[in-house]
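A lone chain, given as structure tokens: the form predicted on its own.
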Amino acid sequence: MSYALVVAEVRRGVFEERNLDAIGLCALMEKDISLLVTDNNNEMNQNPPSSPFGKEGLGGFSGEKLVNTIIKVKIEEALFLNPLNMVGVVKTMMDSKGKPDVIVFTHSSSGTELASYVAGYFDLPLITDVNGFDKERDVFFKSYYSDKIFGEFRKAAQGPFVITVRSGSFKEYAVEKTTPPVIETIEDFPIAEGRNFMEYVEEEKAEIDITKAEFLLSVGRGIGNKDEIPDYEKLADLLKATLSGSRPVIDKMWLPKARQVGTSGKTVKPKVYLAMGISGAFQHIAGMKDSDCIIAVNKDPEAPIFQYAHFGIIADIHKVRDKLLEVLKG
């Protein structure tokens, strides 16, 4: 049977939105999609965080029609996250259902770990961090150096392979099927010993929640140094915007972690996203590309962020900032 297996990422019983990228890629590849997901209720799922899919049903997943088959694994979430158990689950599933054409994971800390174990155990090729696919050539892409270089990957031989999918890359291709999915269960498989999932460690609640902001003024390493931050705070106040930043700004401790936009920070969808001095590394783009209006200011005309901006200004960001301050104060 020809199909794609998507291993869902579920946290505290909530289906993560990033799974839509894995499902979307499989839809773009025109594969029948089987979704492998934990199906349990235990202490890890108490008071789950908010999710765009809610807290009821399949791990908080209300879009079941996006896949052809849902395979519910009767296992606690903590055990599902153990790569040693994942190998056993996939083996049990393949023994009964046959080998999939491709096994797809999210490109996250847990997804990449699970993918590497599965690829190693079954001796399968592995492509990580996929963010593009050419259907006609059957070629996968991943980018390097802030999306300035793209690598092409193609299967060298027939048989299954494993990939991890970058968040924000294929979500738009995840569309509903015309019929509801077939529901299957897996109950009997070996449980590995010697490794245990301990707990989720939540970040401290911040005074400012940038995910709720309608207007974000986001600054990057292009501002030069921390001494420039106060002037951008003034600009944000005059624009009635919330100040945020890219990872280099947070790593240098120019702004607190709670204000970071990107895959290792927050995913935001404001009405207006004004990016100043941000080149547009893919980790940052994934966290803001769904904003209603993106305005980018950068002196480098080749900055990748211009590929995603609705409006772009090629100029010295400090001169643009000072002019805006002058106009708004006037």
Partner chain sequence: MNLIVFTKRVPATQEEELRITGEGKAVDLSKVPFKVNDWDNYSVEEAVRIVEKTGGAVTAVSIGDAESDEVLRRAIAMGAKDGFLIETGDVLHDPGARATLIQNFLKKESVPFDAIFTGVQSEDDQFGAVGGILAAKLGLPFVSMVISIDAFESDHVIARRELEGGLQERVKVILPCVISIQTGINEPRYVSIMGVRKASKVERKVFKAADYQENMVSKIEAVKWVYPPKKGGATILSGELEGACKELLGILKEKGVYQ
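Numbering follows the first chain given and starts at 1. Take the two forms, find the largest set of C-alpha atoms that superpose within 1.5 Å, and that set is the rigid core. Not measured: the values here are computed from a predicted model.
Below, we refer to the form predicted in complex with the partner chain, which is not included among the displayed structures.
Trainee: Hey, of 67-75, 209-217, 176-184, 94-102, which bit sits against the partner chain in the predicted bound form at 4.5 Å between non-hydrogen atoms?
Mentor: Partner-contacting stretch among the options: 209-217.
Trainee: I'd like to know whether Met29 contacts the partner chain in the predicted bound form, with contact meaning heavy atoms within 4.5 angstroms.
Mentor: Result no; Met29 lies far from the partner chain in the predicted bound form.
Trainee: Residue-level question: is Asn225 within 4.5 Å of the partner chain in the predicted bound form, judged on heavy atoms?
Mentor: Heavy-atom contact with the partner chain at 4.5 Å: absent for Asn225.
Trainee: Find out whether any non-hydrogen atom of Gly151 is located within 4.5 angstroms of the partner chain in the predicted bound form, and reply yes or no.
Mentor: Yes.
Trainee: Hey, in the predicted bound form, is Arg247 touching the partner chain, heavy atoms inside 4.5 Å?
Mentor: Yes, Arg247 sits close enough to the partner chain in the predicted bound form that at least one of its heavy atoms falls within 4.5 Å.
Trainee: Select from the listed residues Thr263, Thr38, Ser291, Ser34 the one whose heavy atoms reach within 4.5 Å of the partner chain in the predicted bound form.
Mentor: When the partner chain is considered in the predicted bound form, the option within 4.5 Å is Thr263.
Trainee: Give, in sequence order, every residue of 313-330 that has a heavy atom within 4.5 Å of the partner chain in the predicted bound form, or say none if there are no such residues.
Mentor: Ile313, Ile314, Ala315, Lys319, Val320, Lys323, Leu324, Val327, Leu328 sit within 4.5 Å of the partner.
Trainee: Using the core for the fit, does the CA position of Leu28 change by 2 Å or more between the shown form and the other one?
Mentor: Not so; Leu28 is displaced by less than 2 Å.
Trainee: So that I can tell if Asp251 moves, could you say whether its C-alpha shifts by at least 2 Å between the shown form and the other one after the core superposition?
Mentor: The answer is yes, as the C-alpha of Asp251 shifts between the shown form and the other one by 2 Å or more after core alignment.
Trainee: Superposed on the rigid core, does the Cα of Leu239 end up 2 angstroms or more away between the shown form and the other one?
Mentor: True for Leu239: a C-alpha shift of 2 Å or more.
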